[in-house]
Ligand code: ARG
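Starting off, we have a lone chain in the form predicted on its own, written out as structure tokens.
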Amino acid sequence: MPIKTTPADFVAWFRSVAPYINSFRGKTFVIAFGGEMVADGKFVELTHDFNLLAALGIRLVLVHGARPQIEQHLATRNISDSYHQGIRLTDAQTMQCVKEAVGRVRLEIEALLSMGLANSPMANADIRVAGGNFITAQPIGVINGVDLQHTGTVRKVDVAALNDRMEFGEVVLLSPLGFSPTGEVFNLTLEDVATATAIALDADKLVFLMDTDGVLDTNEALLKELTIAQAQAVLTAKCRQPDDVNLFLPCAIRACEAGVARTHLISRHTDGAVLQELFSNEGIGTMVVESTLNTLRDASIEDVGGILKLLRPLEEQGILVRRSRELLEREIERFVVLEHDHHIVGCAALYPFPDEASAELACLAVDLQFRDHGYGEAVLNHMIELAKLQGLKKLFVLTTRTAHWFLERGFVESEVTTLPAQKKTLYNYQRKSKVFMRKI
């Protein structure tokens, strides 16, 4: 049964994705998915999402696999499927099955991308699919005395040709095959093709669709964001990860180390997984980045709009005293902001009273979606350090609603008479805010 939303919900949601639409236009995304997506009949829904991404002006490179189709061809011909150290051994017979399977999968994908049915998400779609010999490959060779024959690895990606196709508005579809200067064809893995292509294109995002939700911690909870160092620690830790995480996480690390801004590991079983991951703050999978996406910094005049967006809901609820844009602009040097992936999700202001070695912490606010991430405490700790650098000894807050939050962080309820003299003259006795102090 479809979920009903009010017009207000729809408008709020649509506005929330506008920053992503603006920032993604003209960016390059490499999205990799296995042949299971086609075999399971789930590629139609994924096609709808690709159509939307292309319509938003995103440069798309799609990399498909064909493992179940290859295995089916081998079984039909009674050819054994041989592996050596987890790598398929591709002899001449196997290579013939690989070509047939990959060709069939590719044709099916191209057919689905060509849909334009009225009254469907593909209505008026004009996706032009580009293919070609963009991947130069070389043989893996002999490993521990075993010749892997036609199994290869990516040697070079034709970046100029790929960019030409995308500049013409075409979606590039890459198969797990590569070609050598001597005219040979090699069987590649989709993760090798996708990773090498993302690195060569200096892609903004590399996305792997896999069987599980993402990387899990020791309690089997999903890890939403990992730095390169944290991702490497996951691989070396004793916590057992699903097989596809062990396959794709090293590729994510490799890509980010080589300059790919973001790599995402998401479940192929979730309808709209790509859209949910890319167009929401929370996402639904695991994102690997070079370093943390969170930045605490001094606010600038350009941040006024973002700060107001955080403060207004709290002001309307009476939690904070209303500040005009003009006042905020005059006092912007008092503020710090917390950014998550270039979006302001937290802020606070510090008003020092140096004659009494104290300071007021004001306008501490965190976006509703991030309130269980410890961001409020991170901002508080940052403001404490700023106050210490100014030689101040006490920090105080005035609040009507968040008393317990401050009590849990070392503040003690105090009397109005303990406030600095200048602040006492400004105290609003009608509002009856409680005073909390903390030595720092």
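Just so we're on the same page, rigid core means the largest C-alpha set that superposes within 1.5 Å between forms. Keep in mind that this is a model prediction, so the values were computed, not measured. Note that residue numbering begins at 1 and tracks the sequence as displayed.
A second form of this protein, the form predicted in complex with the named molecule, is not displayed here; the remarks below concern that form.
Listed residues E360, E277, D244, D192 were compared with the named molecule in the predicted complex; E277 is the one with a heavy atom within 4.5 Å. A heavy atom within 4.5 Å of the named molecule in the predicted complex is found for exactly one of M287, A273, I127, L364: M287.
Among residues of the shown chain, S114 is not one whose heavy atoms approach the named molecule to within 4.5 Å in the predicted complex. Taking the partner from the other structure, the named molecule in the predicted complex has a heavy atom within 4.5 Å of a heavy atom of K224.
Residue contact check for D217: none of its heavy atoms lie within 4.5 Å of the named molecule in the predicted complex. In the predicted complex, the named molecule sits beyond 4.5 Å of every heavy atom of D303. Comparing 257-265, 157-165, 192-200, 352-360 against the named molecule in the predicted complex, the single stretch with non-hydrogen atoms within 4.5 angstroms of it is 257-265.
Although the named molecule is not shown here, in the predicted complex the stretch 151-166 places no heavy atom of any residue within 4.5 Å of it. For H373, a C-alpha deviation of 2 angstroms or more is recorded between the shown form and the other one after rigid-core alignment.
With a cut-off of 2 Å and the rigid core superposed, R77 has a Cα displacement that falls short of the cut-off between the shown form and the other one.
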